[in-house]
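Next up: just one chain, as structure tokens, the form predicted alone.
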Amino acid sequence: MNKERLAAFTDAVLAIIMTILVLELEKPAQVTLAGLWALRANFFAYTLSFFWLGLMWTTHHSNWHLVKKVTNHTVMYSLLMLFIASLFPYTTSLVATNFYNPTAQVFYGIVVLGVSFSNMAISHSLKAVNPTVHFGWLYGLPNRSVLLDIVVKLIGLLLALTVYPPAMVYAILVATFIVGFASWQNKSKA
């Protein structure tokens, strides 16, 4: 499979997932400011999921032009990533309607970590067959930023399991800014 075909397939599936996110938003009982305010957890979960997926897509594509070859491993890791990412609308709606529920938050966190680790596997598989590309653990992002991203998410998962369930979404929010800033710095250097 050529890289363009895989990139187009990934784009299409992610676009569908991001579209389904908005379809899962609850409608207010009354269309008033108070009614919308009552759904703030829904909007927060939707916004976080949308921008997290968008940042992942941006990171993926800002480095994809460097790739010359893909392997069957790359395709399989991409399918795994898309499968896990397809759970975003479901887990987002669970978190939106059960914001203080540890099971909903942990499930959401596992999906985010699963996508993160599968993206790292994609990056590793691309690095193996594209020796002139200088990919780290996650494409061109500094490894320390990727490590910090994973550690913050794992701390959020632990806190969500033990003391404060919303720690998971807040950890993902912080991690999104970490990767976003690292990505922005990386583009500034180029």
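For every residue, the number given is its place in the sequence shown, counted from 1. Please read all numbers here as calculations on a predicted model, not as lab measurements.
Only in words, not in the display: the form predicted together with another copy of the chain, which the text now covers.
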Output flag, 15, 82 and 90 jointly within 4.5 Å of another copy of the chain in the model of the complex, heavy atom basis: yes
Selected contact from 152, 146, 39, 67, since only one has a non-hydrogen atom within 4.5 angstroms of another copy of the chain in the model of the complex: 39
Residue 61: touches another copy of the chain in the model of the complex, heavy atom cutoff 4.5 angstroms: yes
4.5 Å heavy atom contact, residue 27 to another copy of the chain in the model of the complex: yes
4.5 Å heavy atom contact, residue 9 to another copy of the chain in the model of the complex: yes
Heavy atom of residue 54 within 4.5 Å of another copy of the chain in the model of the complex: yes
Neighbours of another copy of the chain in the model of the complex among 93-115 [non-hydrogen atom within 4.5 angstroms]: 93, 94, 98, 101, 103, 104, 107
